[in-house]
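Single chain ahead, written as structure tokens, the form predicted alone.
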Amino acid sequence: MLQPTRPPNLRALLGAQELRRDAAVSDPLTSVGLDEALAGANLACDPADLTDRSILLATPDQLSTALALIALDGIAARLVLCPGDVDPKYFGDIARTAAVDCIVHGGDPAPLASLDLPMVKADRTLTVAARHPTTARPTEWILLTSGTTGAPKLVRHDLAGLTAPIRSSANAQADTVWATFYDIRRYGGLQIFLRAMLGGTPLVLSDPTEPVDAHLRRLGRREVTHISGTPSHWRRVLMSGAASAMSPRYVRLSGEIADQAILDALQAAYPRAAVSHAYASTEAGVGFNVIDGREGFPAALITQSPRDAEVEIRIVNDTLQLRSPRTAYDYLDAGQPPIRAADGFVDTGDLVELRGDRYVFLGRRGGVINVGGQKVHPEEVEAVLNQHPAVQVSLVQARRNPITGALVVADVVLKAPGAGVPGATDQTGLADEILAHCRATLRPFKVPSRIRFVDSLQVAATGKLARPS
């Protein structure tokens, strides 16, 4: 298995290349040039004053985080990236587990005051000139898992593992402009942040308070060429009247199962773009990227020689397992089971099924609906529902039943009326039509017992469909 070359810190990586004149990190309000970020810092102190500290990055916006990462990587002993949606009630647990001894914040410090730790304010602009240490220490990057319930787990990475999936060829074009719908404080968004930094290219950040239409128009004005997000992010794009405001050359999906319906819809919406979907998780890192426009992944990925592959893939009990230098070291919490098995493989918990020459994703091992002893994967049913020409997106879940234990039910968001999609007054027989479509593909116990039409589905701050716990 190939080993990653250990990179220096972010500041050294940026300083070693000739930055484009337009290379900057921007959000709806501010743009900061990467050359400026090399010379200064957005902190209320010199970064060198925070040498060897374990720092909780609890800034309210992504731009402040990006600048702090450039300033502190190679100086701090540990950087804990705290997304803006983390419940403050978990701050104490996070700080204790990560042995935090300093907090970098940018907004109201009141939610953090109970931690009784030194605090340093981070601005949205550069405030001080930074001293450059003669030697850089390896900084540990701590990412929080994106679970929907309970305290997040803290996952240990370093810059070598985080940058291992990134190849310079991804930014080979002179006019590349990256953007992501993700929060860069989570694994999927951080990957795009690092791609932009290693390529010295502009990066356009999202903002949860910005309306979708306004965001897409801003991406168009910034001439974004490469952009990533979850399938749920992309469905929101396609439902927007401003979807055509941008014209990307590269569209990437990850974080959820990319079914054929969303892949086809994106290719139709952006015909000049290469549409790909990547498999990645906070623990396993980036496993692979599929570029052939089809859902799932080729079975040939399983059979390639480990000596020729940076990522080894195997299927055990229908579950995807990965081994590579991209995986996290472990959880910080000693009470958690190890991320890697004794042989180095990570059990992802994602179930797959071989169909012909291709594996398709069925869903999470813990998300199965039990219908009279038969297993139903919600994502498998959703993939079929989403193929119906009238369906924009769907969410399948269980409803209790005294006889079978559970029944499959589905909430469905329809595409806008027109192009063969009936209006709200013509939907009497549409549910029956969609169910007939399901019966033609699915076994009877997998067919929803009820279709409910809804205006929208809740999307979590992670960009994924909010599923019931």
Partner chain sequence: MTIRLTILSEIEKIAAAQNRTLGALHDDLPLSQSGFDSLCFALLVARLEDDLGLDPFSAADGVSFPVTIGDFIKLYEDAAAHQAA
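Residue numbers count along the first chain shown, from 1. Just so we're on the same page, rigid core means the largest C-alpha set that superposes within 1.5 Å between forms. As the structure is a prediction and not an experimental result, all values here were calculated from the model.
Form predicted together with its partner chain: not shown, discussed below.
Look at 220-228, 359-367, 194-202, 260-268: in the predicted bound form, residues with non-hydrogen atoms within 4.5 angstroms of its partner chain sit in 260-268. With a 4.5 Å cutoff on heavy atoms, residue 235 counts as touching its partner chain in the predicted bound form. Contact annotation: residue 17 falls outside 4.5 Å of its partner chain in the predicted bound form, judged by heavy atom distances. Contact check for residue 399: a non-hydrogen atom falls within 4.5 Å of its partner chain in the predicted bound form. Among residues of the shown chain, residue 404 is one whose heavy atoms approach its partner chain to within 4.5 Å in the predicted bound form.
The candidate spot formed by 88, 111 and 295 lies out of contact with its partner chain in the predicted bound form, as no residue has a heavy atom within 4.5 Å of it. In summary, among the residues 213, 101, 310, 333, the only one with a non-hydrogen atom within 4.5 Å of its partner chain in the predicted bound form is 213. When you look in the predicted bound form, the only residue of 240, 276, 247, 173 with a non-hydrogen atom within 4.5 Å of its partner chain is 240. Shown without its partner, the chain has 439, 444, 445, 449, 450 in segment 430-453 as residues with a non-hydrogen atom within 4.5 angstroms of its partner chain in the predicted bound form. Put the two forms on the same core and the Cα of residue 408 is off by 2 Å or more between the shown form and the other one.
Residue 370 shows a C-alpha shift of 2 Å or greater between the shown form and the other one [criterion: core-superposed Cα displacement of 2 Å].
Closer approach of the C-alpha atoms of residue 405 and residue 362, by 3 angstroms or more, is seen in the predicted bound form than in the present form. Cα-Cα spacing of residue 437 to residue 290 is enlarged in the predicted bound form versus the present form (difference of at least 3 Å).
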